[in-house]
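Only one chain is included here, represented as structure tokens and corresponding to the form predicted on its own.
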């Protein structure tokens, strides 16, 4: 059980009635180190590249970071509930490959394909949630299996090489933005989507009954159940939100980078690392949305810095792996202590 989590039904009832501002502040305050890390990385990047502070350059950086930040926001819902979602990276790849194959470059197909992709995300999230909560299969195994299913489906669909193409009105979300904006020149659509998703996620987690129940379900399932929380339902909704965030991230990745058989490779581990760096407890019951998204932005800043330092890709991958191991190990250590 996480530090500060209520250990009885009465304690949970008290937590559920606590003002949302107080709860959000307590969660964010506990993740203060990630903001210091983020600021340090941004300053270091600015020293290496003075142009980084120019609004167009910084917004381009945010555009690259948007998919991971959105994915981390969705992953946080699952981790706070006490579960994992390892299928989001494969779902991103499935979104990109399926969109290219279904639209075949035809702009007239874009909107119904996007609706179909969100339906796919909802089905994946629902299956992850039901298998985990109703069949009592550990979420690590459930979502790992879903990852393999999606990877196999993509290979079967594409025959080993992506086919089709993404129309411009599909790629617009990840590539373009409002032009001729004073000072900043262009306001990327992906940054607007990031801001919208972030605001909705913050309000949903920290200012709704569902958010309170999610913290309760992750902190102590038995006490949450005694307090009237439908734990399986709450956790299933968390999986659906995570999968939905993966669909949004996939649309942005496809728009920014185009078609790739490995479009979402590694995103699942980066999202979990970002959430843990943001102070969320792997055991559930603790976390803050702003801090999780700051963790994702910190990872993107680190990758940018490593590029500026001229590290070859194998070295960058090794550093990324060490960060993931370190973040998860620290979270496990903190969980044992609490």
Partner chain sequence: MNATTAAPNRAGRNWRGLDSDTALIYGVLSLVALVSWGLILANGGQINVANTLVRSVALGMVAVGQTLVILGGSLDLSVAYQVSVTAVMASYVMQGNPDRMILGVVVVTTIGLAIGLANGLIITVLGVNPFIATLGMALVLRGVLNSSFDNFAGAVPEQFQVLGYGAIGPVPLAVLLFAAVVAIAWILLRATRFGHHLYAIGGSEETARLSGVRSGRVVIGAHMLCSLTCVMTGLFIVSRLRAGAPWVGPDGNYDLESIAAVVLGGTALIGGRGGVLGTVAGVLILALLDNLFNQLEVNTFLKDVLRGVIIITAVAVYALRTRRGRA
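Positions refer to the first chain, counted from 1. Just so it is clear, the structure is predicted and the values come from calculations on it, not from any experiment.
Unshown form predicted together with the partner chain; subsequent notes refer to it.
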property: Answer range among 65 to 73, 270 to 278, 285 to 293, 39 to 47 for contact with the partner chain, defined in the predicted complex as heavy atoms within 4.5 Å; result: 270 to 278
property: The single option of 103, 213, 236, 142 touching the partner chain in the predicted complex, heavy atom within 4.5 Å; result: 142
property: Candidate from 204, 120, 231, 131 lying within 4.5 Å of the partner chain in the predicted complex - any heavy atom; result: 131
property: Touches the partner chain in the predicted complex: residue 159 (any heavy atom, 4.5 Å); result: yes
property: 4.5 Å heavy atom contact, residue 151 and the partner chain in the predicted complex; result: yes
property: The partner chain contact at residue 107 in the predicted complex, heavy atom, 4.5 Å; result: no
property: 4.5 Å heavy atom contact, residue 170 and the partner chain in the predicted complex; result: no
property: Non-hydrogen atom within 4.5 Å of the partner chain in the predicted complex for each of 155, 317 and 328; result: yes
property: Interface residues of 71 to 85 toward the partner chain, as seen in the predicted complex [heavy atoms, 4.5 Å]; result: 84
property: Change in CA distance between residue 325 and residue 91 in the predicted complex, which is 3 Å or more, as closer or farther; result: farther
property: Closer or farther in the predicted complex, the Cα atoms of residue 324 and residue 264, when the shift from this form is 3 Å or more; result: farther
